[in-house]
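Next comes just one chain, in structure tokens: the form predicted on its own.
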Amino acid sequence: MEHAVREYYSSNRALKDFFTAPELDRAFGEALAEFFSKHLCEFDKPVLLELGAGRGILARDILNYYRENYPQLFKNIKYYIYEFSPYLIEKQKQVLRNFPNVEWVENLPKIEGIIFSNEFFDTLPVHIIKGNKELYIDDSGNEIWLNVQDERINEYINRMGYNGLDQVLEVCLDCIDFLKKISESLIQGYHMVIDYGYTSEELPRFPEGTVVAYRDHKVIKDFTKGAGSVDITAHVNFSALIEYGKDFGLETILFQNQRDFLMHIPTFLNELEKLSWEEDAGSVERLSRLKTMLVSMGDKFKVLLQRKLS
């Protein structure tokens, strides 16, 4: 899965098979910017570090919002982007060419500020487990179930209380490893994840797991076909991020669905109300896109905010 995802995101197919909330409307980025501003004021030299910036639209909307509404913060802030795809980096540099305070990094630097992501963790590879067997794919695309080899998988299942569950489980060890890197990067500050996912309580809703592939905005349930040319993804286990975050000094201070998160941010509410009273075609279309963030994406997507304990 890791190889297939890297191959996909390094190709010109990247981002053609799905859309994200920032691409729907600038109101999403402006809402995040407003939320972040309350925390960034805690730091003398604040830093935002975005994991996997897609086309760079979210970064653009956040920085534009600060330039227009918080000029001093815009002057002081440093914006890092962690991205492995040369293809996407070039796209991002085109979109962000007017922002000299943006820098691309291959490794997470030591920072004081906020590390955040929108649809990043769902691209990290997972181990697909059922009983004591793990799914492998051979060179011909055939499924082969073998005994679990990595003891960390068993430790994960024990810790999360998933022993004895008669269903497919997805174990994202890379999520845990990356969470550790995030904690080590934060001298002090916050970590935010926005992604589609589930909690342990919701796990029975996915008896066959959540790994799927997307192509041309359509779901391909057999994700073994076309690896490298399709977007392979898995729902994020937020209970695991919360649980393992404790090991790395990451205290959960907010966890809610995307709808509730956005509805508590005044800038988003104001935009929603303003558009509700306008009747021109552009405003009606924007209102529809904002409602998509709240309705079809509102429950599926969750927001997790963690604070690095000193």
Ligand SMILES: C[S@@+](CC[C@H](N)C(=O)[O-])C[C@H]1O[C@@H](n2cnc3c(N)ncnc32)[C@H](O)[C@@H]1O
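What you see is a predicted model; the values in this text were computed from it and never measured. From 1 onward, residues are counted along the sequence shown.
What comes next is about the form predicted in complex with this ligand, which does not appear here.
- Though the partner is left out of this view, N237 does not reach within 4.5 Å of this ligand in the predicted complex, counting heavy atoms only.
- Within this chain, L173 is remote from the site of this ligand in the predicted complex, having no heavy atom within 4.5 Å.
- Using a 4.5 angstroms limit between non-hydrogen atoms, F206 is distant from this ligand in the predicted complex.
- Using a 4.5 angstroms limit between non-hydrogen atoms, Y162 is distant from this ligand in the predicted complex.
- In short, of 136 to 144, 81 to 89, 153 to 161, 184 to 192 it is 81 to 89 that has heavy atoms within 4.5 Å of this ligand in the predicted complex.
- Taking Y198, F74, Y214, F120 one by one, only a single residue has any non-hydrogen atom within 4.5 Å of this ligand in the predicted complex, and it is F120.
- In the predicted complex, this ligand lies within 4.5 angstroms of at least one heavy atom of each of the following residues of 37 to 55: E50, G52, A53, G54, in sequence order.
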